[in-house]
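Only one chain is included here, represented as structure tokens and corresponding to the form predicted alone.
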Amino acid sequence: MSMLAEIKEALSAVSPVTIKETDYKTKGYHLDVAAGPDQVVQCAEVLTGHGFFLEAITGVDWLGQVARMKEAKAKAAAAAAKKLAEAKAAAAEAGQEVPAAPEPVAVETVPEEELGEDPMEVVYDYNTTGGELCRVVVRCKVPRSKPELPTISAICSGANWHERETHDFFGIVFTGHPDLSPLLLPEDADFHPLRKDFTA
């Protein structure tokens, strides 16, 4: 069994993660794993148990995503309505039967109701160099109003500094972390400069 197949099977046991194989040449990683806050520790245990090491942790601020989704859905609905009106007009002119309304157009993979608000995201990059190359990305979205998820620093010691840096810049809280004091920002910093709504 290849490393990719082996790790995909092992991660599949962590429920309910979503695993997608990607084109390494275009993405730079082989597996894209969407996990919930309750699964990031299990994913870390599985990956380190199979010889992976942690390359990086970073945050992503999805501020404005819900508004963009609403706008995209409104545009799709308007385009569908226009297309139907044109089809009806053409059918009426030709003396044909009026066509039925088209199916709604899916414009986003994440349903709006599942987000509730603009989320924050934590992205973990794992790699293994022991033989077959295999890079895995684990993503976890958390609510912007309470951006918290468990630390993996007890499993991957290198996560300690990565989590502190991510906390510095995005304000994401890694519960159980031994010391989330600022790593790169001043000790008294009470701001997170990589949040999209940050203003100096």
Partner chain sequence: MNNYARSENQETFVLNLGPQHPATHGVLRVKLTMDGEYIVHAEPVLGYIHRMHEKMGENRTWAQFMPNTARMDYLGALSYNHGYALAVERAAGIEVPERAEYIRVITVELNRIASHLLWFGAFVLDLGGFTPLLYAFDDREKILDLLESVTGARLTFCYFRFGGVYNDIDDEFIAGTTAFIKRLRERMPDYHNLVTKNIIMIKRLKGIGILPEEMCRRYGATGPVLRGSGVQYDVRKNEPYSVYPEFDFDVPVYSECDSMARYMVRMDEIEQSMRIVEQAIAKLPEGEYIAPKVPKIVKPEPGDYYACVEAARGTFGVRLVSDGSNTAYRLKLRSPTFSNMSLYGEACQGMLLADALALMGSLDLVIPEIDR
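Bear in mind the structure is a predicted one, so any value in this text is a computation, not a measurement. Numbering follows the first chain given and starts at 1. Between two forms, the rigid core is the largest collection of C-alphas that superpose within 1.5 Å.
Below, we refer to the form predicted in complex with its partner chain, which is not included among the displayed structures.
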Is the gap between residue 38 and its partner chain in the predicted complex 4.5 Å or less for some heavy atom pair? no
Whether residue 77 contacts its partner chain in the predicted complex should be assessed with a 4.5 Å heavy atom distance threshold; does it? no
Find out whether any non-hydrogen atom of residue 26 is located within 4.5 angstroms of its partner chain in the predicted complex, and reply yes or no. yes
Wondering, does residue 158 line up within 4.5 Å of its partner chain in the predicted complex on heavy atoms? yes
Residues in 40-68 with any heavy atom within 4.5 Å of its partner chain in the predicted complex: 51, 53, 54, 55, 56, 57, 58, 59, 60, 61, 62, 63, 65
Taking 2 Å as the cut-off, check whether the CA of residue 123 shifts that much or more between the shown form and the other one after a rigid core fit. no
